[in-house]
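Take a look at this single chain in structure tokens; it is the form predicted on its own.
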């Protein structure tokens, strides 16, 4: 008998839209395991830079990843990414990673590696996965799809407050224009503008929608 995924809630959106904060709080309230797909791409980027691999050489990156297992360590109901036995959490915001992650994540082979990792996780846990193509590409069959967004001005303010120094407009162009798995709104996703909402208000809207879709949620 074919294995079945556990329940997956997909939360997509551009940088600084609020999806990380929302996904974490939703995970806390529902007891689902939280996964940040962007952290996996950042971990891969950090790893190849450490190995002095050209981040524009897709073939070489693919070969390196064949011998660098990507696993997860469950901590506080969050799956932290571990690559080749190392947890690079302290380096995911390094400037060099910020500069190269968009380019690395455009390669189809890299996106396939990340998708396979997420699928493996979904065979073991109920997941809340945040990213940019989770509902549109990675888990297109999940009925629980959300796309969170905010105005460019609000997103820029949030990014600065978080201490990130990458460029919002540049990242948006890279995410939306890449030929493989571009950032799009899945046709059946519930779209939420978080510009004027608190995290709790966004989470409340999502939970209300999940109840409408029939997801069992304890009161």
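Keep in mind the model is a prediction, meaning the values are calculated, not measured. Numbering follows the first chain given and starts at 1.
FYI, the form predicted in complex with cytidine-5'-diphosphate (CDP) isn't displayed, but the following is about it.
- Looking at residue 111, you'd find a heavy atom of it within 4.5 angstroms of cytidine-5'-diphosphate (CDP) in the model of the complex.
- cytidine-5'-diphosphate (CDP) is not shown here, and in the model of the complex it never comes within 4.5 Å of any heavy atom of residue 158.
- With a 4.5 Å cutoff on heavy atoms, residue 37 counts as touching cytidine-5'-diphosphate (CDP) in the model of the complex.
- Using a 4.5 angstroms threshold between heavy atoms, residue 193 stays clear of cytidine-5'-diphosphate (CDP) in the model of the complex.
- Partner proximity in the model of the complex, defined as non-hydrogen atoms within 4.5 angstroms of cytidine-5'-diphosphate (CDP), places exactly one of 131-139, 80-88, 145-153, 67-75 at the interface: 131-139.
- Proximity of 7, 125 and 209 to cytidine-5'-diphosphate (CDP) in the model of the complex is absent: no residue of the three has a non-hydrogen atom within 4.5 angstroms.
- Contacts of stretch 178-206 with cytidine-5'-diphosphate (CDP) in the model of the complex, defined by any heavy atom lying within 4.5 Å, are made by 178 alone.
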